[in-house]
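Same protein, same chain, two forms; see structure 1 and structure 2 below, as structure tokens.
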Structure 1
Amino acid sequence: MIESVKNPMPVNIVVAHGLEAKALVKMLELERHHVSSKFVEYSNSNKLHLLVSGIGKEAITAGVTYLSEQQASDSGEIRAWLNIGIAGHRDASLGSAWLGNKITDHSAGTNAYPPQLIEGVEVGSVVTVDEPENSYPLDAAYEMEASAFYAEATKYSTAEMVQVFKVISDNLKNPISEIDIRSVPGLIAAQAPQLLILIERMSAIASQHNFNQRLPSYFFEICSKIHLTVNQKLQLRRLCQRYKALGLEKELGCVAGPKASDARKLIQQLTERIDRIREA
């Protein structure tokens, strides 16, 4: 269903349960990872990644931490993070769904507000509880992972790129004790139009952000060849960005080719040259 999208999709989707993953695997044409991991994972060649974390706040925190560690790199690129899952609401109809614009952690009594950049998707409140909720006191989707997911994922990405999407699977008329869990993939599959908008839009924003932050390849060449202290790496990074912003990316190699061996001297030469060119 998502085959039209050939561009990179730097998006991590995290679900609590394998049944929530089932519809997404099909919808997004994902393949199972066979690397040994404590989590079940899927991905596709466009960098879209799906992880099944297990139920509850602790499990999802561990899943997010694990995935971010696997993906850590020097490039400064970010990924979008999306938690998709089922939830209960007192009177919303089964299968209705929304993006959380307010996430309340019931036991901690705290609120988080994922910034809303994406149009065309329903929005509403989400309450994360430690035990399944049967009475749904507030006008919100009750579930068990969102607050922990948001708190953890915002450590690795910007808040705008961390979102939760909840599909209603139970309500007062259809209590949680009577849910036929085999209906879960169908409920999520029915949300394909909203989910595809959401994933494609989050992906486009993250990709644009990464493009804006892209470093010239020279930076990586030098890093792989010369030992740089943390501070020197930061200085080199900024110099490479400045050359690029001033349209002088090609000049980088002229100042000192990747054969340069002294980091301090290299940084000094790059600084002097750019200041000279720009001031002239």
Structure 2
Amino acid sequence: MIESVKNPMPVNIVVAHGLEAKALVKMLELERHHVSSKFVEYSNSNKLHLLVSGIGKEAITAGVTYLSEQQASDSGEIRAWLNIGIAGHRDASLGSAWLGNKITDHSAGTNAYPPQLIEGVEVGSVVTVDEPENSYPLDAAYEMEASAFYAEATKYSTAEMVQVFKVISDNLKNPISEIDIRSVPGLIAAQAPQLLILIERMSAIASQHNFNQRLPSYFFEICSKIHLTVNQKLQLRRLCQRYKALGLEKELGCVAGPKASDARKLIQQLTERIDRIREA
């Protein structure tokens, strides 16, 4: 089991099948959500979230999209995304596993290369296919979701915070047609040491990113007091981040004054002030 931690762990884990989730629920001390949704979801008090998407590229794309929409907020915080699942390989030992440092979509002929910032976890190639693979022609883990997961999740997070982890469940000597699905939770559970390293490190990267990109409280105060269009809210967000980057966060509330009520004038005043500072 994962050790209890005080700090948030902003990580979304997406698996295709409930049997892949079974070991993770116990390992990470997750509780099931009893809400109306077409997806099975779990989470804990540390902000870890697990979603069971269903098998295949279309299903996992829908799962990632759904989860990102549910978690959207004005805070601008992002989460790490991790796909965990079983895969086949021509000769790798059953139960061996690695993080995908190259993800190939077989039908599209495209490749993605997730940045590798995490030490202590094995890495290797992953190939996503549309149908179960029996011959495993390449030295890679064959599965059915990784390329779609990576393509969709990188819309909502930075590339280094989107990773795929595959556990070998079949090979030429132990073909996919003979898999005992009851063994899947055990295969996942056996990877607990690597998975805990991976999840904790991804959490740390996401938390540090969010701390660095944290919006000043002034942004939320203004949003609660003044009606802003979508474009004005984006402008205000960028201005607040610029003030913070220049060490002028405390000046934000003084520039326009506490009685500011006109969004257009407020944005103009903030822009003129920071432009004068940069020209000085």
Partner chain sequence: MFSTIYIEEEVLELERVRNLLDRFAQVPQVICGRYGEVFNRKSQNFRLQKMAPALILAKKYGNKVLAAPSGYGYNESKGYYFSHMLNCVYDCRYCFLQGMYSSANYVLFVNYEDFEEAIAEKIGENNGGGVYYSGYDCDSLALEPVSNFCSHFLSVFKRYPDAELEIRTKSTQVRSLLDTEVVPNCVIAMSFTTQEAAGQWEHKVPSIKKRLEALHKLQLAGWKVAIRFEPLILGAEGLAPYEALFEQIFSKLDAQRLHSVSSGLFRMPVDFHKRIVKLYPDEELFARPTQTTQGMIALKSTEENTHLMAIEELLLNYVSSEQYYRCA
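As the structure is a computational prediction, the values presented were derived from the model and not from experiment. Basically, rigid core = biggest C-alpha set you can superpose within 1.5 Å across the two forms. Residue indices: 1-based, along structure 1.
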Query raised in the report: Which number, 1 or 2, marks the form predicted in complex with its partner chain?
Result: 1
Query raised in the report: Once everything's superposed on the core, is Glu249 shifted 2 Å or more at the Cα between structure 1 and structure 2?
Result: yes
Query raised in the report: Just how large is the rotation of the smaller rigid part between structure 1 and structure 2, in degrees?
Result: 18
